[in-house]
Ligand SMILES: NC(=O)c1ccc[n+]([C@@H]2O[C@H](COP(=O)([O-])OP(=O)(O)OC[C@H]3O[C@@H](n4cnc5c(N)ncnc54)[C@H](OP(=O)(O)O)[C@@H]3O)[C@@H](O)[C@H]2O)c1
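One chain comes next, on its own, written out as structure tokens in the form predicted on its own.
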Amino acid sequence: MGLSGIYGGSDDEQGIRTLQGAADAGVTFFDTADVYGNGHNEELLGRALRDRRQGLVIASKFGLKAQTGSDRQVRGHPDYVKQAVRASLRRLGLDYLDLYYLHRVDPQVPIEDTVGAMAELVQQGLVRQLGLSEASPATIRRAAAVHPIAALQSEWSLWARDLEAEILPTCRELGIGLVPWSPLGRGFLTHQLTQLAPGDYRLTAPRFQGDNFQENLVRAGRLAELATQWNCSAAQLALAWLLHQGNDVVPIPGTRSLERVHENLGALQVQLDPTQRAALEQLFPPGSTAGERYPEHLMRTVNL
């Protein structure tokens, strides 16, 4: 997502170097969506990995008309499912997707209808596995009754732990993997974001605003202090915490630079004992982050 302008200007050549460098470093799972840059991100990923398809798991998502702003609309109608996947495959230059997500649940369309149409894509060989994003336990169960759901992609990190109460147990009961997006809190947990430039889209989220931002900075600073004590970076420590949650958890940190790709991969070498994990969870208990993760109109689109 970050390679298509959401955090400011984007450079395609740098993006291609970053994606190819990630693959060269052993990354095999790449996540995109048709809404990222209005198709630009899929095209970029297709260009970068055109000759590297073998051994990769490539996932995309559909169902959002707009990524940000008050005009965001969700589209889960069965006819749109078929239209969207073919457009994504064309932009990516692929014959099939390994994993295809419904980006947000459409409250106007029964989930059984949307997933039923997605299941037809599997039968046609256009998609290998199906996923949901930001869905509630009830919706996950209804979807899984229509077709097996391989993965749920939802926000999960040290500062966004709400799904642990009900969504995580539901997924584990049904054998559904968790793909935490924004595992670094939109970059906040790196402790590099001490201020944001005017116009940064993150400023629309309450937790990046005013007193909330300042309160959250204190906790991020403590995370950075622990990382120094434990000989890793704050980003590596935040990722390591998720990686210790189980083999069914596959976080997807995003970055625009190959340097950060290598830093993030270093999280695989960070071993946390139970005492260290407990210290992190005490520092970031569920519900402790100041401010919601989205503005009100976007919070209404999650956990449906």
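All residue numbers are counted from 1 along the displayed sequence. Being a predicted model, the structure only gives us computed values, none of them experimental.
Although it is not shown, the form predicted in complex with this ligand is what the next lines describe.
Proximity to this ligand in the model of the complex, defined as a heavy atom within 4.5 Å, singles out one entry of Pro137, Pro206, Gly187, Gly177, which is Gly187. This chain is displayed alone, yet in the model of the complex one of Gln73, Gln83, Asn212, Gln192 has a heavy atom within 4.5 Å of this ligand; that residue is Gln192. Shown alone here, Leu45 lies farther than 4.5 Å from this ligand in the model of the complex, counting heavy atoms only.
When contacts are judged by a 4.5 Å heavy atom cut-off, Ser60 does not count as touching this ligand in the model of the complex. This ligand is not drawn, but in the model of the complex it has no heavy atom within 4.5 Å of His147.
Contact check for Thr255: a heavy atom falls within 4.5 Å of this ligand in the model of the complex.
Contact with this ligand, judged by heavy atoms within 4.5 Å in the model of the complex, is confined among 122-130, 213-221, 84-92, 100-108 to 100-108. Scanning 19-55 for heavy atoms within 4.5 Å of this ligand in the model of the complex gives Asp31, Tyr36 in sequence order.
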